[in-house]
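Here we start with a single chain on its own, the form predicted on its own, put down as structure tokens.
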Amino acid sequence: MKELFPKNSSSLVKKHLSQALYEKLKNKKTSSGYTLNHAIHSGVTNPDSDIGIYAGDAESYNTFSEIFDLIIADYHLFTQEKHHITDLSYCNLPPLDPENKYIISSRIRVARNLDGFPFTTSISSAQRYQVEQLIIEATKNLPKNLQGEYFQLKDIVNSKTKTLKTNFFPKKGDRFQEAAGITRKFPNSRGVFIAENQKFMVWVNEEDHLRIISMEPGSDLAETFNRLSAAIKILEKNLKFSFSNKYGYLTSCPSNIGISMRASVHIKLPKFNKQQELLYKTAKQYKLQIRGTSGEKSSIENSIFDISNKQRLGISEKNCLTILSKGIQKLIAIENQ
């Protein structure tokens, strides 16, 4: 329904939501009360939205499947014949930059939502608190090498957090998330579990119920992945995650469904920084996503790029990591030349 959206909007939801489809879906709602107007509010409010639609719960992907399917097919280049594949088995890829000449750090995160609860876009305060408590209990079962402490965001200004990096803590969402309802009652029932080694953490009630994160200085993506995989397997024994055989792990934003994994490296590429057209061309060949030094929509500082996988659907976690590794190796080879 084009008149709903700003004229300068180029979001996928504007592209695919026809007048007829809007009329067909506008009176439907999920069991948690989520409607089409709730789903598209962020895209209507923000003309620079890339996608412009959020799910309110797992049910949204069925109730509003006629619009979500179109957007997912467009964004992920996904065909109906494909089905989600999960592979979190042991990875033995060698370090990509053993001399640490280019890669500063490696980071892998996955998003998860608890089955049976609305997503952060439509969750109530009581449900958000319940989700937080369930996750806190689940982290107590992590193995000794991943044991740590949970910090509530409302209490982060205390002696225990002074030695921790500020980027360990989830921040209030941007205007896109705010329009989607994700930042309501912030910072209540939000927090982060941080392992003692500070290489593993779980963000609670950020864009999704969980953002499970593994980090490593240098270029050892395999070590980063294996730590993450071990933690996920333990958490899955105590938490049931929203999952679809067709779309994999379900998330608030349809861009993250599937493996819902973002594996990335902070990499210094001074020569590529002067030839960014070549960088983007090479990255596209390996389905890589390039962000600024501090993440999405940030600038490049000291020639340091944040480079990650773009594909999340129709691919397994290990296969994704293999493609990312080949792409990073190619970029380093060209930078050397």
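The shown structure was predicted, so the numbers you read here are calculated from the model rather than taken from an experiment. When you see a residue number, it is the position in the sequence shown, counting from 1.
Quick note: we don't show the form predicted in complex with adenosine-5'-diphosphate (ADP), though the next part is all about it.
None of the heavy atoms of residue 227 is located within 4.5 Å of adenosine-5'-diphosphate (ADP) in the predicted bound form. When contacts are judged by a 4.5 Å heavy atom cut-off, residue 294 counts as touching adenosine-5'-diphosphate (ADP) in the predicted bound form.
Residue contact with adenosine-5'-diphosphate (ADP) in the predicted bound form: residue 106 places a heavy atom within 4.5 Å of it. Although the partner is absent here, residue 93 lies well away from adenosine-5'-diphosphate (ADP) in the predicted bound form, with no heavy atom inside 4.5 Å. Of the listed positions (184, 199, 266, 84), a single one reaches within 4.5 angstroms of adenosine-5'-diphosphate (ADP) by any non-hydrogen atom in the predicted bound form, namely 266.
With the partner omitted from this view, the residue of 167, 145, 133, 141 that lies near adenosine-5'-diphosphate (ADP) in the predicted bound form is 167 [heavy atom within 4.5 Å]. Within 4.5 Å of adenosine-5'-diphosphate (ADP) in the predicted bound form, a heavy atom is found for all three of 203, 211 and 215. Proximity to adenosine-5'-diphosphate (ADP) in the predicted bound form, taken as heavy atoms within 4.5 Å, picks out 203-211 from the listed stretches 230-238, 185-193, 203-211, 118-126.
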